[in-house]
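Below you'll find only one chain, the form predicted alone, shown as structure tokens.
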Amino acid sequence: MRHVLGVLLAVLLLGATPASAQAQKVKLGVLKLTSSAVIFLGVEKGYFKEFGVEPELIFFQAAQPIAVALASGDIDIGGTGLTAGLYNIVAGGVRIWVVADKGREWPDHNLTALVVRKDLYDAGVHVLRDLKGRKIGITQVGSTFHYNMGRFLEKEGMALRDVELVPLQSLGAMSNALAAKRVDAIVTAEPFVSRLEADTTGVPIVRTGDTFPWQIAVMFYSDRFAKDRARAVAFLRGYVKASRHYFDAVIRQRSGPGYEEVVALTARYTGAPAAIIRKGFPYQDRDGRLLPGDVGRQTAWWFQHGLLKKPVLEKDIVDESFLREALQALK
């Protein structure tokens, strides 16, 4: 009997992989956006668990609160857009690290857009200059959408003072405000862009990726999590596996069973119909590498516009050593 029990115990131990036996939970703050598809994929496919990390997804309504939660230690990892709020936290002495790509605006892979009310579009508001003096909804002052709008205007030889920015706090509130005609246009992200277009509430008149490519979203580490080097690298090993899966199925193939699997998974997490999800997958580097130098360009822009209290150099916030180590381990 003792021999039989010993054999059974050995079978059970052999059946459990080291990752499944040692997987440790980490809190990961994220938005219910199409750009979070890589994270959803990594969770569903068990890519993080494979390397001993199990993310607990904490959903937020906007990007800046994720930075605050990282700074306070309420979450370990964030996956969202780069904001002035984040840069100001770092300028204030709190260490938060940008470690990998989570989505960039890229030609033919537009994540965000300037969406004008359908009735205004029908009345002739077709280009950005037609919105001079009008109300433009964004989530928050200092958000990715604030930066987007500023860059849109500059490309047209205009300035932020030429429009009235209306902070509405959340992505859902922006869509509601556009539908209720409380604002004339909004800068928003997928799947909201395609959803507004499909229900004839709004019409995209400027798409960001086709206008100016930039590193809109990234993966962040709290300083406490970054100091747990083994887990920090392990998380990125799973993340890179998910990123490669996403790139091959969505960016490279754009059709077929693998693509449809990612569509269905993203639709389930975001609550948007599959038909809407198909219209707006963002570009992401296959290995999760960041767009070189772009974080530094953003911090300089925010400082120039008075929304960053002191300069933040790229080396003060970006640490790609975790990704390099993860990639080396995956070869």
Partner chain sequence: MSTRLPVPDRTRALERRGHPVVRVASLVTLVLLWELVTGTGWVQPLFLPSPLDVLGTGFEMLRSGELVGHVITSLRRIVLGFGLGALLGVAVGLAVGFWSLAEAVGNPLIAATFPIPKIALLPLLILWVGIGEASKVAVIMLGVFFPMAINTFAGVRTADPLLIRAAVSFGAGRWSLIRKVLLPSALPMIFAGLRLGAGTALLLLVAAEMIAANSGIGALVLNAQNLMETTKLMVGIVLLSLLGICSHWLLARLERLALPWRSHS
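Superpose the two forms; the largest set of C-alphas matching within 1.5 Å is the rigid core. Residue numbers count along the first chain shown, from 1. Nothing here was measured: the structure is a model prediction, and the numbers come from that model.
Beyond what is shown, the protein has a form predicted together with its partner chain; the following relates to that form.
Within 4.5 Å of some heavy atom of its partner chain in the predicted bound form lies at least one heavy atom of G85. Remark: V318 does not count among the residues lining its partner chain in the predicted bound form, judged by a heavy atom distance of 4.5 Å or less.
Though the partner is left out of this view, R151 does not reach within 4.5 Å of its partner chain in the predicted bound form, counting heavy atoms only. For P167, a non-hydrogen atom is located within 4.5 Å of its partner chain in the predicted bound form, even though that partner is not displayed. Taken together, V125, T211 and I251 are entirely out of contact with its partner chain in the predicted bound form: none brings a heavy atom within 4.5 Å. Of the candidate stretches 88-96, 239-247, 252-260, 198-206, only 88-96 contains residues with a heavy atom within 4.5 Å of its partner chain in the predicted bound form.
Between its partner chain and the residues Q215, S194, Q140, N110, the one pair within 4.5 Å by heavy atoms in the predicted bound form involves Q140.
In terms of contact with its partner chain in the predicted bound form, the residue from A275, L265, I58, V68 that brings a heavy atom within 4.5 Å is V68.
If you take 292-331 and check each residue for a heavy atom within 4.5 Å of its partner chain in the predicted bound form, you get L307, K309, in sequence order.
With the core held fixed, the Cα of V90 is displaced between the shown form and the other one by less than 2 Å.
When the rigid core is held fixed, the Cα atom of K227 travels less than 2 angstroms between the shown form and the other one. In a rigid-core overlay of the protein, E261 has its C-alpha displaced by under 2 Å between the shown form and the other one.
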